[in-house]
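Okay, so here's just one chain, in structure tokens, the form predicted on its own.
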């Protein structure tokens, strides 16, 4: 009889252990309600940057993610000083290194006042933000602030993307339980911008972030553009379930979905330095281009060809009392809003469904006439269950 009770007790403990582990896996961490973040890049240190910072202040942003190219003068003290002057010395400001910052990025640079990386580390220490991988000299780090998970990678995408950058992103995000995640870097792939930039980051970083359900923030091209929901970034595959094809064009451009295997990409490089025109995916009006290398992926574009101005992208997470909902808009420093959209976050991994045939651009290593349907990546760490927001799980017994 005692043996039976011992077996029963063992069974109960195993059941409870597995139940708690399963429940914990479902718990996801939300951002603070109505947490607004500004995204900018390519700013310079002139009056346009000052206007952009004042725009950010006026809009009530609670943090900035800057996708590189700061002052173009290798003047860390002056650039960070301008931010302190307008936003305050303890304002949460997170940066990715740009190609015009690299000579003064590392902590061992020759600048007597310190380097960009040192200013970043000191700032985050002041506001109590822990840095994962705190040696910023390798241009890789991640932080969490007010429930937003952010991962930053550097410049050498084509050299280090597959071997270093993509594994770093995956390690930071694959078991992370934050609802909202953002990948940030400076440079682009040619088909993920509308200027004349080439393939500089490699596809691995884009696809790794997509597989982990992270928004992708870039700059480098001095314009603003945002894609629709993509289920295969390299193939420029638009999610046909989120954007049903109407008259040959994926519709619903102002509602995007982020999930394991789905995301959107934006370029926000209109921070203050030399606004540029639209060279790719013409015409300059919606729905923009549908040919090779374009595939109607673009939802919104703001360049000099659209009469654009400098400004910032704002995304507010956890809106309308819904931790899985966010709202974005691009606001020029003149006050004009040129893009408005909603983002839904789902924990359900992408499944194979109808997707548009894609013509691969000639620069792609795959065949120019190949067509794709979005593959289903392995998501062994993702549990497709409704989101539960809250603290620890308690289990009670009654004898």
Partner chain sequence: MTKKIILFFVFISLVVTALIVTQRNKTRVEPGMTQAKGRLVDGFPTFPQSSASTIENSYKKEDQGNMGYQAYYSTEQTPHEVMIWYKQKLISMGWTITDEAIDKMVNDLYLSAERNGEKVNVFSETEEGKTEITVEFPMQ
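Numbering follows the first chain given and starts at 1. Every value quoted in this text rests on a predicted model; they were computed, and no experiment measured them.
One more form of this protein exists, namely the form predicted together with the partner chain; it is left out here, but the text below deals with it.
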Inset, instruction - Heavy atoms, 4.5 Å, the partner chain in the predicted complex: which of 68-76, 262-270, 246-254, 206-214 makes the cut? Say which one. - result: 68-76
Legend entry - Proximity of residue 235 to the partner chain in the predicted complex, heavy atoms at 4.5 Å: no
Inset, instruction - Would you please decide whether residue 275 lies within 4.5 angstroms of the partner chain in the predicted complex, comparing each non-hydrogen atom pair? - result: yes
Inset, instruction - Although the partner chain is absent from this view, report whether residue 305 comes within 4.5 Å of it in the predicted complex, heavy atoms only. - result: yes
Legend entry - Contact test in the predicted complex: residue 282 vs the partner chain, heavy atoms, 4.5 Å: yes
Legend entry - Heavy atom within 4.5 Å of the partner chain in the predicted complex - residue from 62, 348, 338, 48: 48
Inset, instruction - Report the residue, out of 100, 178, 146, 123, that has at least one non-hydrogen atom within 4.5 angstroms of the partner chain in the predicted complex. - result: 100
Legend entry - Contact at 196, 222 and 310 by the partner chain in the predicted complex, all three, heavy atom at most 4.5 Å: yes
Inset, instruction - Would you give me the residues of 114-139 that have any heavy atom within 4.5 Å of the partner chain in the predicted complex, in order from first to last? - result: none
